[in-house]
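Let's start with one chain on its own, the form predicted alone, as structure tokens.
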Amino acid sequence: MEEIRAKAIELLRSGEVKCFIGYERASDGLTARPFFAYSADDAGRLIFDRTCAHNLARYLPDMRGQRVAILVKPCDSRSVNVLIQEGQVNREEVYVVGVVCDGVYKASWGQPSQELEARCLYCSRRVPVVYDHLIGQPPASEPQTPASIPEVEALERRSAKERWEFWRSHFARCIRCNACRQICPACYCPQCFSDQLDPLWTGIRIGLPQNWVWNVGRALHLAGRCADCGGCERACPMGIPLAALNRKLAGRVKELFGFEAGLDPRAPFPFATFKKEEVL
């Protein structure tokens, strides 16, 4: 924590950055929340521990035109690369402070735990894929990528009818609050397709057909772009397992194209390119 504060103070005092995006202790005194340090005095409020679950890359598109620093975990760093790939972030404007991460704990307001978030159980990276300064000791080797994700595998063992019923029951509870969209680094469009009226992609009624279009449409938009930070599922007030849907699609993209989101900012997106030899 002290190394993070010291780096933030150095960057802010030197004028190299206007703002350092990190975490501070939330008002419940137990969990963490995003924090924007604009001065060396502010930097004293920065923290980092296993409650720092938010993906701070969400804020970078709003900071365009300013030189900023950002603290990233490995999954967050993949989101930074996605934003660079998609022209939403200018790499020259961002100083990336990477932190070696052993996973973050599940937590809710006033209720911390010692249980790792699901995404951390099979995460294959402890070191961010992009950084200008690294904090923490990298492991001798990264964990092996699991052959399958248990929650996705469990769904695939069900029949098509059972899977339909599974998602029908969950999507029927969606209240379309858009928390999943608001927290997602990859959802930066000035106007979301779900808000468009001409053409009307999704009806404004909160009903199952409209909820299907919203949730499935959003998942397809994230295929090959989701860095699996789990923010959507964590933000969902209805407890819909959105990350399982994203992980299923990420697995298909990797299987079909050998592509994982955010590993290389220069790699072309599978759905933004076409090769004659590709047959789906």
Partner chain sequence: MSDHEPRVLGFLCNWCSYAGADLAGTSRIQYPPNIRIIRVPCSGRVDPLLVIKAFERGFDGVLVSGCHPGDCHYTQGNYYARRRLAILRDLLEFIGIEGDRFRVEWVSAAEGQRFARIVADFVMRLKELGPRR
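Residue numbers count along the first chain shown, from 1. Remember, predicted model here, so these are calculated numbers, not experimental data.
The protein also exists as the form predicted in complex with the partner chain; that form is not presented, and the subsequent description refers to it.
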Per-stretch contact check against the partner chain in the predicted bound form, the hit in 115-123, 149-157, 135-143, 94-102 (non-hydrogen atom, 4.5 angstroms): 149-157
is_contact(I206, the partner chain) in the predicted bound form, heavy atom dist at most 4.5 Å: no
Interface membership of F36, the partner chain in the predicted bound form, 4.5 Å heavy atom rule: no
The partner chain contact in the predicted bound form: R163, any heavy atom under 4.5 Å: yes
Interface membership of H221, the partner chain in the predicted bound form, 4.5 Å heavy atom rule: yes
